[in-house]
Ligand code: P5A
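Only one chain is shown below, in structure tokens, and it's the form predicted on its own.
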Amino acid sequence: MKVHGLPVKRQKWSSDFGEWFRDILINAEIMDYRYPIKGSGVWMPYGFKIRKNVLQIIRDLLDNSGHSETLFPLLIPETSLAQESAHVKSFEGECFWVTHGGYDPLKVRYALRPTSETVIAPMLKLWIRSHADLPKKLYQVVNVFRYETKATRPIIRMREVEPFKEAHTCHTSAEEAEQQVNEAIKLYKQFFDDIGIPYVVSRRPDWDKFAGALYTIAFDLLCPDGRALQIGTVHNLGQNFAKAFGITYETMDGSQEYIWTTSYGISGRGIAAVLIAHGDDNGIVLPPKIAPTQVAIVPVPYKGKEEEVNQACADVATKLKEANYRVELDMRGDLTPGNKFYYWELRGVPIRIEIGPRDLANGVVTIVRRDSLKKQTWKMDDVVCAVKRFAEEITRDLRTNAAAWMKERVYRVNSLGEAKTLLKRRAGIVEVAWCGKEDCGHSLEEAVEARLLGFPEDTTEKVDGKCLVCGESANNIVRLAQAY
């Protein structure tokens, strides 16, 4: 079968994830990665609708928690980027630079934003005068550019990262900034829970934190190939950027103090996570809330019954649209019903309704759930209630099944040998005892040939064991995984 001229073949979600993901993006018309600049891709109309629906969820969460959406420039003067030394040192090898305006060399180079702390800071200095201006919570959805030297992958590892949702907040005290970090973590948990994405939340080790931050909290998803994918980060920036850019406020007693800031971001990986977590060998599986098409209606006509079947399908489509469902009535005459089934399965449409002459005679519809591909018949008059029920069940089951799949692949082990064996075959995320010392952390990464993700952000677990590297008492459980 071909879809829009592209050959379609069933890929193995679990056994050949890399090829599955690349093929699904183009065959399901999500992203075309064949743009003639490495690390850039084009969001196709169907993919852009998914993107829009996912971003609307995070926008609503931020808007309803006191954040204001804004938009800052793309270009950052090199002089601004250089003001925070740890930050520029981290990003200097990843920046794309604008060096000329027309034929004339620029006196000061401009970086295409790799992230926006240094483009926002000069404006905060102008906007913040006193404690009355705080707290300030801003966010934007933009593209960022990073000269990625590793192998690029569609959505997962790009040179033009789009979309990139980043929030930036300003506060009067360290305590208030810490509260904001906790709020950001809670918001991200709500976001990922809403779209059924399982995750672990870890505090990154100091050598792997965001440049210029006091510490970094990260959300990681486990992919079918056993690699961890970072899907969100939250940073407590302390006063580092405030001091670098001289951003102060007047306190209630009239003195001047530096502000405290945080930042947190989710990139296009948040969209990729939906495709990855709920996919299968037939294509993607979309939660109803973000599916561009929630219900696809396919007539299954029989010779001499075409008109009656098509009219019944049109009537059902009208009912569902009046109930505010996003519906596609597939009346294409050049495809068989079987080809149409595959077309909508590939695109992850949560619910498919089939109506044939027998259904019509019995006053029923056949409803197919995309996640399980199970069929049920329902009275035609009850179709709106049926779709509501199935949408709720699919949403719940996608979340439950994805979480169970990932939980089964988090291992607690007591030896380096066992950890290395599991990680070498990409079995999942491995947790071990660690003393917390940086030298032991690096040695641990080298010994098991994997990345140290960090230690659980919200754990109250008492660690009773020895560090697997030095043998001293462990004060943390640390996670390791092969990672993107």
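In case it trips you up, residue 1 is the first one in the sequence shown, and so on. Because the structure is a prediction, the values reported are computed rather than measured.
Absent from the display: the form predicted in complex with the named molecule. The rest refers to it.
Site residues 426, 431 and 478 are none of them in contact with the named molecule in the predicted complex, judged by any heavy atom within 4.5 Å. Not displayed here, the named molecule is approached by residue 230 to within 4.5 Å at the level of heavy atoms in the predicted complex. Contact annotation: residue 146 falls within 4.5 Å of the named molecule in the predicted complex, judged by heavy atom distances. Residue 288 falls outside the set of residues with a heavy atom inside 4.5 Å of the named molecule in the predicted complex.
Taking the partner from elsewhere, residue 264 is found to have a heavy atom lying within 4.5 Å of the named molecule in the predicted complex. Listed residues 113, 370, 168, 347 were compared with the named molecule in the predicted complex; 168 is the one with a heavy atom within 4.5 Å. Checked against the named molecule in the predicted complex, the candidates 406, 161, 394, 271 yield a single residue with a heavy atom inside 4.5 Å, and that residue is 161. Exactly one of the stretches 252-260, 113-121, 331-339, 302-310 approaches the named molecule in the predicted complex with heavy atoms within 4.5 Å, and it is 113-121.
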